[in-house]
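Presented below, as structure tokens, is a lone chain in the form predicted on its own.
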Amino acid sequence: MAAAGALDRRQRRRQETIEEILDVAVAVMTEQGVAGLTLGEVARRMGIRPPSLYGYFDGKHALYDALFERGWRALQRVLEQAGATGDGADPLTAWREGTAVLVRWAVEHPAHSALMFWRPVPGFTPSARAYEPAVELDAASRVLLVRLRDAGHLAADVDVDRAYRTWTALVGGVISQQLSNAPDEPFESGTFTAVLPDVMDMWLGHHRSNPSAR
């Protein structure tokens, strides 16, 4: 029992160290850009030698992979807490509120967003494990659009895949414009985030009145 307890403590300390490394890495990316992340800078800020990090990550891409997964799982939790991924809420409310939650989270976590939504690191491809929460959110979003259609908020013959792609393009555009042009503005009054309701109304109106054949 004592040995098991000691193992649990070691595992807990190891996980705490991993979380600290990730926190420091996010701070570095926030200040210096995603591509500016280096193991040497993370180690310097933690007061350790760079080789010590290899006991936790076998290279910078492994660190990026953990950050990518961490970001998507954090976004997934926020959306779940907002009721945007379940099947119990009114689909229109879930879609509107979920979209706002997603955009708010993205602009308030710029380092994670750049890694998750753009391709700022040449040669980095997330692992299947790191990409899993993104795949799960993709599937949940498509289900939500089907529910919107079935509830009569979208045309009965809407091309759900095309509607999904236009929605992600519009949302991604709002996020990109805000982070690129006015990153220090709050979500509520941001130059581009403030027009998110208009963007949602435009998307909804288009796909409500236009059949998939258009």
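Here the structure is a predicted model, which is why all the values come from computation and not from measurement. In this text, residue numbers run from 1 along the sequence as written.
The form predicted in complex with another copy of the chain exists for this protein as well; it is not shown, and the discussion that follows is about that form.
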Can you pick the stretch from 42-50, 166-174, 55-63, 145-153 whose heavy atoms fall within 4.5 Å of another copy of the chain in the predicted bound form? 166-174
Please determine whether Pro120 contacts another copy of the chain in the predicted bound form, using a 4.5 Å cut-off between heavy atoms. yes
Flag Val199 as yes or no: does it have a non-hydrogen atom within 4.5 angstroms of any non-hydrogen atom of another copy of the chain in the predicted bound form? yes
Using a 4.5 Å heavy atom cut-off, state whether Gln15 contacts another copy of the chain in the predicted bound form. no
Look up in the predicted bound form whether Arg10 has a non-hydrogen atom within 4.5 angstroms of another copy of the chain, and give yes or no. no
In the predicted bound form: members of 177-209 within 4.5 Å of another copy of the chain, any heavy atom: Gln177, Ser180, Thr191, Phe192, Ala194, Val195, Pro197, Asp198, Val199, Asp201, Met202, Trp203, His206, His207
